[in-house]
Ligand code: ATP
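In the form predicted on its own, a lone chain appears below as structure tokens.
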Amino acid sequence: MAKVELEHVWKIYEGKVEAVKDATFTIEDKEFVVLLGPSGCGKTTTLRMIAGLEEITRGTLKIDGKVMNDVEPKDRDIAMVFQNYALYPHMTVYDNMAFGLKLRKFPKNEIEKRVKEAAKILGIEELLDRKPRQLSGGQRQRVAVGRAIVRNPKVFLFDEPLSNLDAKLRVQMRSELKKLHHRLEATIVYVTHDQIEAMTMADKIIVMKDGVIQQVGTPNEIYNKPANTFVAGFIGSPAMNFIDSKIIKDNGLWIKSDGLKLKIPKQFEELLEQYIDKEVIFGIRPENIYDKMFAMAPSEGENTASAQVDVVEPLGSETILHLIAGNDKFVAVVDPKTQAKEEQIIDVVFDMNAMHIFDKETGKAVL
């Protein structure tokens, strides 16, 4: 397998549309890396530049230490799995999987060996004589992956491969692709807008917005230490709460907003000294706000607030509460045993050790 390096890569289309701006990152050998972001953020364009399907405007792409900017796609030793599977409808599953090897003039016995091995790995041995129209979406996806596996390429590229599948099948295919990665010890670059896919599958996530890389890190780093409000809001469901606030000094430091006054833990005071009496964005994830009756965090007056329940969403394993305090609106994910009812006033506890503070002007994380 291989290491993939992008150094100051740009993609500028005619009309001066900057689809990818100054992308620099490294995908290590055998790493599963996810390019994550909303539609139109440049993630698929980046993938297509790695594949050679889009020309790089400027910058350098290296695979296995060799510059690939002007190398034809067929000579890059990569295999790509497309969103729409891209199977030949008139060919059997076997012929679809064997097609690339036949083009490369592989011996017949080697083709048969590789196709059967891939079919066994993917559990599609009994489908080899069928045509794509006779297959379900999940089976077609496996065939598309199998066609990539038989090539034994240095790098696998996946472009939103699960987006056409139903929710249950997506969960199943996520775990299968993860197992496949470990089995093949492959270098994989995977594009998705689905943060759950990214969080569950990736060794490393590259978050993009408007063609610009916002943050590169492990799923844990991206979730717990987001670089800015965009990353913080994009990762997590329900999304992180953002509340316009001010940091004030009053026997310690406090977060003060229209409806909240919460004590900032001592370990954060030094980092936030420069923001005293300044406006900031207070961020906290819904799972770090508790119904006081079932609080998982220590409950004191300094981290507790009263709020009106606007909407209750019971999900069985948890309950989502939409809350209002003054003009502040926020969401809490609480114990399903909560007795909270709409329009009721309840006390909620904020786990302030899990708080985030962002600069009001730049949106960058301060804490």
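Bear in mind the structure is a predicted one, so any value in this text is a computation, not a measurement. Each residue number is its position in the shown sequence, starting from 1.
One more form of this protein exists, namely the form predicted together with the named molecule; it is left out here, but the text below deals with it.
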- Task: For the three residues 13, 42 and 45, verify that every one has a non-hydrogen atom within 4.5 Å of the named molecule in the predicted bound form; reply yes or no.
- Result: yes
- Exactly one listed stretch (300-308, 32-40, 57-65, 329-337) reaches within 4.5 angstroms of the named molecule in the predicted bound form by non-hydrogen atoms, and it is 32-40
- Taking 4.5 Å between heavy atoms as the contact cutoff, choose which of 352, 357, 346, 19 touches the named molecule in the predicted bound form. 19
- So which of 176, 291, 287, 160 gets a non-hydrogen atom within 4.5 Å of the named molecule in the predicted bound form? 160
